[in-house]
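There is one chain below, alone, in structure tokens, taken in the form predicted on its own.
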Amino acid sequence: MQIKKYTDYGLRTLIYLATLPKGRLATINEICAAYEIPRNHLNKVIHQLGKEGFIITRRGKNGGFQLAAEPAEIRLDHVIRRLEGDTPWVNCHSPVCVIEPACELKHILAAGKRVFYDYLASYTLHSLLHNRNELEQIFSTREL
């Protein structure tokens, strides 16, 4: 399994925001420059992160984005499930699979998916910040 680029960008955005001093807002251009990712892709991600309640978005001249909760309160399973969508890992109906009535693959993959998300539930955004000083140094050397 590989997470979507969309989810990757969402996680990168949350990591970036988590390294900022409390109360500091980041702009979309700043995040794009930090990771060298296209603005149009990140716009959609930022919108969903706000809609899902992971970040606070402020419009206007002094607008930007910040985390909506402390990093220790943002569980990775929640973020990934919301950004990836919670669809089955295998689609037996498009195209219709002739062995679907007798196939065990869908059950095995569904169980694997549950284990995957249960494992991620023990990690938060804070878990990704053990090397916070190194992350801050990397971001500070980027042309923002």
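All residue numbers refer to positions in the sequence shown, first residue = 1. As the structure is a computational prediction, the values presented were derived from the model and not from experiment.
Here the subject shifts to the form predicted in complex with a further copy of the same chain, a form of this protein not shown in this document.
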{"property": "Contact stretch among 109-117, 65-73, 22-30, 51-59 - heavy atom within 4.5 Å of a further copy of the same chain in the predicted complex", "result": "109-117"}
{"property": "Residue contact check: Leu128 to a further copy of the same chain in the predicted complex, 4.5 Å heavy atom", "result": "yes"}
{"property": "Contact of Gln2 with a further copy of the same chain in the predicted complex (heavy atom, 4.5 Å)", "result": "yes"}
{"property": "Leu83: touches a further copy of the same chain in the predicted complex, heavy atom cutoff 4.5 angstroms", "result": "no"}
{"property": "Exercise: Leu11 in contact with a further copy of the same chain in the predicted complex, heavy atom 4.5 Å", "result": "yes"}
{"property": "Contacts with a further copy of the same chain in the predicted complex - residues in 121-139 whose heavy atoms fall within 4.5 Å", "result": "Tyr123, Ser127, Leu128, His130, Asn131, Glu134, Leu135, Ile138, Phe139"}
